[in-house]
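The chain that follows stands alone, in the form predicted on its own, written as structure tokens.
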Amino acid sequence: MTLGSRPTGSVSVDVAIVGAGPYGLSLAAHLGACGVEHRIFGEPMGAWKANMPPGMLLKSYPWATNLSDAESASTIKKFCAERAQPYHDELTPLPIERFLEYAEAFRALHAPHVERKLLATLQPGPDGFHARFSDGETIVARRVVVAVGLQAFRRLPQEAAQLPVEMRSHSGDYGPLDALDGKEVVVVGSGSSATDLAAMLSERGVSVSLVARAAHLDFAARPRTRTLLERTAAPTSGIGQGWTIGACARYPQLIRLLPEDRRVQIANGKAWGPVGSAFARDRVVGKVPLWLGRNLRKIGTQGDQVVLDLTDQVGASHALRCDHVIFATGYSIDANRLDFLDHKILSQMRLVEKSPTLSSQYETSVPGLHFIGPAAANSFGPVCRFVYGAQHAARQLARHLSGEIRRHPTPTNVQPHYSPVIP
């Protein structure tokens, strides 16, 4: 078969991975090591490349931001050492540009067959899931793993719907910030997305203010060498410090065994935000006008400007005007917002707080359909919101799928898949 040709008849695959971010790439690396037939679809690290501003510093520890391969050999530390780039496990922040360079090197080594196309529809069928893609190709997948990240789940307040689309955006829309140059901008929010954007806009000369309901901004502590006593009292884990946080990071399988309401509480607890990054404090406080302890009562337009009607904690009001509002209001998992899921799948999928309820193998109540990444947080805990969580999901799911395929091999009368190499 020559490059570019297609087999006739049904094109099938054992496992289809939808999404090529940290979770999808890690799973592909593990499946490849296990010899499991698979295809992976999506723009590699697409949301990280298109929706995170240049110059952003990652909030997680560099040592906890590795993608996962079967040998745990392709680490950021090794990548930086080979290129003589500065690195420290905890004390030196990791720029987004370096992380993306590392992720591309990981992809080239462990998942070179990523297919840069989007899933349009996913439907159940008697022979597996029928997946149709943006280029018109349809495949049959015995198992599908959804690893789409957060971009589909952006949350905007109801008030935002009243604004013309050119006057408002979500923090997840950036990317380059050039379109905001010369404008007066208000950022609404108090977490890392809000403070990072406010800092970067201010540093590029944009007139920016930050509005938040919180009476004060919280920032993570700057990294430093901790004493033995401090490490004993609050051990460091891949998602933060403390015994409870450490348990969430290391034992997601145990989190899944907790009662449903307790799992949801842990996944969405106050410990996870909103908190600005350690390196944003000095770039925001004293440099960006802050409107803290303010509620957004209503929002509208006057001429070519946005008018935000704010009230403080004693009920006093203030009108704040700007050219553009960025809502750094986070994300809310809702499986119904995944447009590619057929209504039959949605009707059969058991949800808790709009997130799929998952088995110990990340499987939904629809047999053969798995979710990894942030959508798994209500089942496996908050580690699923971090790159660090990719290692558990990839290892656990690859081991399971490898065993299932050995026990139930593909019938010999089904056409195997053809997967072109896309550099």
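Each residue number is its position in the shown sequence, starting from 1. Since we're looking at a predicted model, the values are computed, not measured.
There is another form of this protein, the form predicted in complex with a small molecule, and it is not shown here; the text below is about that form.
The small molecule is not shown here, and in the predicted bound form it never comes within 4.5 Å of any heavy atom of residue 307. Although the partner is absent here, residue 20 sits close enough that one of its heavy atoms falls within 4.5 Å of the small molecule in the predicted bound form. At a distance threshold of 4.5 angstroms between non-hydrogen atoms, residue 366 is out of contact with the small molecule in the predicted bound form. The shortest heavy atom separation between residue 147 and the small molecule in the predicted bound form is within 4.5 Å. Only one listed stretch (28-36, 357-365, 370-378, 391-399) carries heavy atoms within 4.5 Å of the small molecule in the predicted bound form, and that stretch is 370-378.
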